[in-house]
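In structure tokens, the next block holds one chain alone, the form predicted alone.
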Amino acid sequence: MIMKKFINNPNDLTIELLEGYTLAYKDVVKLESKKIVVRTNPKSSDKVAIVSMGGAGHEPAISGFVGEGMLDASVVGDIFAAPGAPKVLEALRMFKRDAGILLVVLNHAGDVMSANMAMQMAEREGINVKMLLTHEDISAGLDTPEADRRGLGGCIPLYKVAGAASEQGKSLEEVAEIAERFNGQMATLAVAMTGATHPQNGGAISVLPDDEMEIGMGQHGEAGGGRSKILSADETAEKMILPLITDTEAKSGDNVMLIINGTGATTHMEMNIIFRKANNVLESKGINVSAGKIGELLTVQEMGGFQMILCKLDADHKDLIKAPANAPYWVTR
């Protein structure tokens, strides 16, 4: 398969993309030890550090959200591959402090394995760290145990909430409680119209017939079980928002955040139309969309589609979402 991408040696993709990214936003982020992105201006060491990890190829995630009010560091693996435990441990050592570290991990087998190994080694070294596992993908069914749910783009607003709580000087236990409560009140569902290629070898990650779409596809092309003929924007939005409402248990009078996260090839025009319908369904049920976001936060190369993310907000979450932040791909004034 001919791959049409602006790249050099496929083996150098990760380091070259990180170098370019940190050069473009050098006032906010810098590159340490080749694959660890940190804040250029670190916050005080008496505040909890927020660290996350994941494979490259999903830009701007995860490193795009390192900055004031969000992540302190992102540990980057190769394309679609988890970083190794030694690299995660290296980042934890960088942020060893009495205040502690919250390590946010998306529920994918490789990431969890690396994180667990790094946690064991960190604890032996006396590093004060707690791990939070995101698992908000509902594509396997609403009755699926949390341990079997994938982590998708919901990690991004979680970084915002945890980062803001840390900036306020809350303890590790308080930051972890706030973030875990948020984690339990968010749900994500993805849809794909077209697949993507692996940028190192040109291989198809997933293939969909021209007249079909799939609700529930994962961020590495994993099957979601919801394949159908292509639906209209309104039909798609309604089919996705209703189970998200059910899973988050959002009800009349609640505040929520609604995010439409493009996966690489879907235009802002389309995402705006999707947001409109999902917002209208929520408000028809008396649910207040107090915060919203449309854009590409966690992508899958050139996959056509989006992730719809719904977060039910407690009062403190609502305030933390609106707190100041200055990361290259999330700015709140």
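Residue positions are given as counts along the sequence shown, with the first one as 1. All of these numbers come straight from a predicted model, not from anything done at the bench.
What comes next is about the form predicted in complex with a further copy of the same chain, which is not displayed.
In the predicted bound form, at least one heavy atom of Leu208 sits within 4.5 Å of a further copy of the same chain.
Within this chain, Ser45 is remote from the site of a further copy of the same chain in the predicted bound form, having no heavy atom within 4.5 Å. Among residues of the shown chain, Asn107 is not one whose heavy atoms approach a further copy of the same chain to within 4.5 Å in the predicted bound form.
In the predicted bound form, a further copy of the same chain lies farther than 4.5 Å from every heavy atom of Ile241. Contacts between 306-333 and a further copy of the same chain, taken as any heavy atom within 4.5 Å in the predicted bound form, involve Phe306, Lys322, Pro324, Ala325, Asn326, Tyr329, Val331, Thr332, Arg333.
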